[in-house]
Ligand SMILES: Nc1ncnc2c1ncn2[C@@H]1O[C@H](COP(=O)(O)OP(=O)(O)O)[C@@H](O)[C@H]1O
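In the form predicted alone, a lone chain appears below as structure tokens.
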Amino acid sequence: MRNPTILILDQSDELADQVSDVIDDLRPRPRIVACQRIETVCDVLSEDGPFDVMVAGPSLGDQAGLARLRLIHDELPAMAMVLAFDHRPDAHLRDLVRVGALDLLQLPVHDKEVLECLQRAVETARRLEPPVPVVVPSSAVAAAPSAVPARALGKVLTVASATGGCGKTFLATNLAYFLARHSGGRVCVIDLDLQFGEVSTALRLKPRFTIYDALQREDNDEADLARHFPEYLVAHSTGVHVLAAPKDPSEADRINPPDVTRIIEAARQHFDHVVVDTPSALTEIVLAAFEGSERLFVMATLDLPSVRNLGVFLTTLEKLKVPTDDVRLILNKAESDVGIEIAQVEKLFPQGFEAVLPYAKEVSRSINLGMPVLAASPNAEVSRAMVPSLAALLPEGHLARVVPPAPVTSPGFLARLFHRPQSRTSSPTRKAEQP
């Protein structure tokens, strides 16, 4: 009989340390694996498993965390689940049942109680251990048209701000376009500004369905949602796919954090990069998106309210124990004559800004055209300032191939819109317009 394996999932290492201290009394002695980042748990499960028991710590005690655990339990029902929380989760009993919780430990807890709980969990996992799986021929798998193809889960990149008007949708759409053009992968944008989402407007799309429609399926378990997820998207001419925000703001109230987690997980099964555009707030909906993100772009503009709120935003993330290692700051609409120096703002944030983007008329023009500015005006100052921060996201070997993209829009249409001769708009020596 192989030694049991226990996975400890929590942002802190205190729970893992306590479990490690008590397992010497278990026979056979279990192997302990600790995972402190929820976004990497899929890799840990596949690379270090199989696991007999998962112990989920306090950082998974909110609605979004329970939704994650439910997804894990649905995929690995034979793995016993133990919840170790410092307070009772604000959730219905059925939510705890759906994550497969075998036991609930109230932290702080005595070592003896932890030991007894782990013994029960290991024994239960042994009884639930499935038989040796039957190897299904690859031809049979290929013949199943409804199955989601096996692939590495996509990376989630979220754009946020503490103040409205900072350009989140502008950055999200340009980030998605850049990755679609240069990474060689498929890219999806999820508009999580559920009341007043603008991604579809910024790209001049007319979506037939929205995130609300995707969540209203009668048979709406995780596997079904993943299979049918592409049906609810609208494609842009640049190759980017969009899951639009609800058309009616009242529908936003019917979407909760677990729904957001399920939508993002479904998107990751089909796309290499999932860009999430969020509203200017730190709601549970937004925090659910943060939890699964590999990188978080936080935006501000060069004015006192926005700079102040940026500081409050970052402090709040720390209090909520949201990992800040992968947070990148973007200063947008920077001008030289607004009474605030960029250098002054940079002193307030030691981590620095990933990019400082100038105010540019090309941005408004690109939105009116329904195109990212990187596509409509690749040589504009704002486009050139954006590229270095986005290029860092590309897979190894792709960075050297980043070149200024050619405009996707029709030159004839541009000429008619701005009443300019074609030769002037296409001249490579023409200086980019400044506000």
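The first residue of the sequence shown is number 1, and the count goes up from there. Everything quoted here is computed from the prediction, not taken from an experiment.
Absent from the display: the form predicted together with the named molecule. The rest refers to it.
With the partner left out here, the named molecule still marks one of 66-74, 387-395, 363-371, 24-32 in the model of the complex; by a 4.5 Å heavy atom cut-off that stretch is 363-371.
Contact check for Val382: a heavy atom falls within 4.5 Å of the named molecule in the model of the complex.
When contacts are judged by a 4.5 Å heavy atom cut-off, Pro358 counts as touching the named molecule in the model of the complex. When the named molecule is considered in the model of the complex, Gly185 lies well away from it, no heavy atom lying within 4.5 Å. At the 4.5 Å threshold, heavy atoms of Ser200 stay clear of the named molecule in the model of the complex, well away from it. In terms of contact with the named molecule in the model of the complex, the residue from His236, Arg262, His273, Lys333 that brings a heavy atom within 4.5 Å is Lys333. Among Gly311, Gly165, Pro249, Pro305, the residue placing a heavy atom within 4.5 Å of the named molecule in the model of the complex is Gly165.
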